[in-house]
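The chain below stands alone, shown as structure tokens; this is the form predicted alone.
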Amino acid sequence: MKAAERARRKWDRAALGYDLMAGGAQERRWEAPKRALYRTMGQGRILFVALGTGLDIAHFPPGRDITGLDISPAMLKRAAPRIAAYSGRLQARVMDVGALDFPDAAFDQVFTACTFCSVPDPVRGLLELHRVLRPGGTLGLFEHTGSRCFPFNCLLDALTPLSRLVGPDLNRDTVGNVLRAGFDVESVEPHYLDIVKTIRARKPI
């Protein structure tokens, strides 16, 4: 079975209980940094990767033109009421970030949250985002990543073989992967130690 199909099945299985797992106190904890990131959404063409059940839609500014995608049809089915309630243009598509069905330079901005800890081939996915962004376009990520600090780095490394069975890898070098995909990293803002952070990057002109 291909990695993308395994990922689709994993997140389809997770869809039913996802809001219980990821919502509530956890969602409230990260509301402020997510809103700060999404406030930078402009009036151009926006791609949001891994829309999931749509929890992040409540943090989007109104009146934007957003294409949201997710690898899981079950996730997007549960997101449907939130998509319909958004006060702007928000269309959703089932798609693998590693094989985007968009032309080059199709978007002005790309955003995502807690995604590249789970993408089977994160550099390939980021290369696809680089391709579909216009030159000078921006990439905004809210991510939990691996740590450089002892003992957290050892703990995350030890837990990752188990965590990836049901969800994310906990020890990804997402900042390094963004650089490997050809982006210029403009800022990295930590929110919890060096594990949870906002990453802002730009496709060179």
Ligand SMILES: C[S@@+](CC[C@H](N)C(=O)[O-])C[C@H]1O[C@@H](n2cnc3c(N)ncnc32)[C@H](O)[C@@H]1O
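On a predicted model such as this, the values are computed, not experimentally measured, just so you know. When you see a residue number, it is the position in the sequence shown, counting from 1.
Beyond the structure shown, there is the form predicted in complex with this ligand, which is absent from this document and is the topic of what follows.
- Of the candidate stretches 130-138, 83-91, 70-78, 101-109, only 70-78 has residues whose heavy atoms lie within 4.5 Å of this ligand in the predicted complex.
- Using a 4.5 angstroms limit between non-hydrogen atoms, Leu55 touches this ligand in the predicted complex.
- Although the partner is absent here, Leu126 sits far enough away that none of its heavy atoms falls within 4.5 Å of this ligand in the predicted complex.
- Remark: Lys34 counts among the residues lining this ligand in the predicted complex, judged by a heavy atom distance of 4.5 Å or less.
- Mapping the unseen interface onto this chain, Val178 falls outside it, with no heavy atom inside 4.5 Å of this ligand in the predicted complex.
- Applying a 4.5 Å heavy atom cutoff to this ligand in the predicted complex picks out Met95, Asp96, Val97 from 95-110, in order along the sequence.
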